[in-house]
Every structure is written in C-alpha cells, then in structure tokens.
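Only one chain is shown below, in structure tokens, and it's the form predicted alone.
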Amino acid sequence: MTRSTTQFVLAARVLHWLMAAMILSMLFIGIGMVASVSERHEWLIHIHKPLGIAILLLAVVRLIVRLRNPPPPLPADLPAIQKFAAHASHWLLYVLMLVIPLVGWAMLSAGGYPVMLSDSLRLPPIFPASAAAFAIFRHAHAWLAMLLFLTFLAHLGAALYHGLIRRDGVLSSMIGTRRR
C-alpha cells in the first residue's frame, strides 16, 4: 500500500481532530475555572488536570507521527510568506501543546497541589514547592493558553481560507477527502 502525497496519514488526521476538540474544550474549561467560584469550579478542575495530561501525551504521539510521516507539501503557488507562516504556526502549536500542560503541572507542583488523574492516581511533583514559582507559572500558563487560543484562531482562519477561497486541497488533505 502506497502513501498518499496529497493527504495526511490517517493517524495524523485522527489525532488532529481529536486534539482540536480536546484543546478547544480545555481552553473553555480553563476560562470557566477562572471565571467561576461556584460548585462547578471543583468539577472543572477534575476535568482540566487529566485532560491536560492526555493532551500532553497525545502531543508526543502526534509529534512522532508527524516526524515519521511528513505532511503533504503546500501548494507550489502559495506565497513564501504564507508558507513560512503555515510552518511556523504548526510548530508553535506543537510547542504549546507540549509546554502548556508541563507549565500547568509545574505550577501545581510549585503550589503544593496534587495532580490527580483519578481518585487514586496521583502524578509526582515536577517542581519544588515555591510561592514565587507558583505565581510565575500561573501567569505563564494563562499567557501561553491565550497564545494557543490566538494561534488556534489563526490556524482555523487559514484552514477556512484554503478550503473556501483558494480551494487548493490543503483543508481536504486534513479532512481526508480527495481533491477534485
């Protein structure tokens, strides 16, 4: 079986859409956590931590899939600045998918809070307890999440531009449909 040069491999497509849903959910859960002091706050925290670790693990898997299966080439007529922006934003997304959960985990470790994946599964701290470090990680976690959201919006805008305006096969390469 030969690999298509016009589409991402199935594993990349599945990971892309699964993680897009998870990351978007995570961003809104994070906003809900900082905006709510109701009984839902604790419930949101119980979702946020394991979802963040799942995103971290899937980001590692996704990076391996990407390195083993290079993406299809961008259209040859795409201006160089847009090609650069596409590549830079993709790598920025990978970095943020890896760094944000680690910063969140370090923040909780510095604050002395456990990272519980379930009632009995607790992750070890990855940073020593420190109020100053907790404050720095907390701000970094929030700003990096904001950067992820902005990068996500730019990525979505670019995908729609390719799919609805240029109709050049870039969006269909990730959806899994063949270009006509």
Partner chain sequence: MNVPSEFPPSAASSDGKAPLSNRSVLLRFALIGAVLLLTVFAFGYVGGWLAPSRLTAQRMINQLQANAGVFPGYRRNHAKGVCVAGYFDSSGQAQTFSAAQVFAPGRTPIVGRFAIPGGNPYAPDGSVPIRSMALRFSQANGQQWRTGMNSMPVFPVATPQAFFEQLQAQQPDPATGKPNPAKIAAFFAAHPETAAFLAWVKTAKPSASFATESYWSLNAFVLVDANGEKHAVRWRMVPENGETATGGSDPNYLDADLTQRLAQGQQRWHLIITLASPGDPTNDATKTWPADRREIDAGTLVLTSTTPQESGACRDINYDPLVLPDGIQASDDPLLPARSAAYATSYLRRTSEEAHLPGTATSQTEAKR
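The model shown is predicted, which means the values in this text are computed figures rather than measured ones. Numbering follows the first chain given and starts at 1.
What follows is about the form predicted together with its partner chain, which we do not show.
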Q: May I ask you to check whether residue 138 falls inside a 4.5 Å heavy atom distance of its partner chain in the predicted bound form?
A: yes
Q: Tell me, yes or no, whether residue 143 is in contact with its partner chain in the predicted bound form, where a contact means a heavy atom of each within 4.5 Å.
A: no
Q.
Can you work out whether residue 68 and its partner chain are in contact in the predicted bound form, taking contact to mean some heavy atom pair no more than 4.5 Å apart?
A. no
Q) Is residue 81 a contact residue for its partner chain in the predicted bound form, using a 4.5 Å heavy atom cut-off? A) yes
Q) Within 4.5 Å of its partner chain in the predicted bound form, heavy atoms considered, which of 56, 63, 117, 154? A) 154
Q | Sequence-ordered residues of 14-43 touching its partner chain in the predicted bound form, heavy atom within 4.5 Å | A | 27, 28, 31, 32, 34, 35, 36, 37, 38, 39, 40, 41, 42
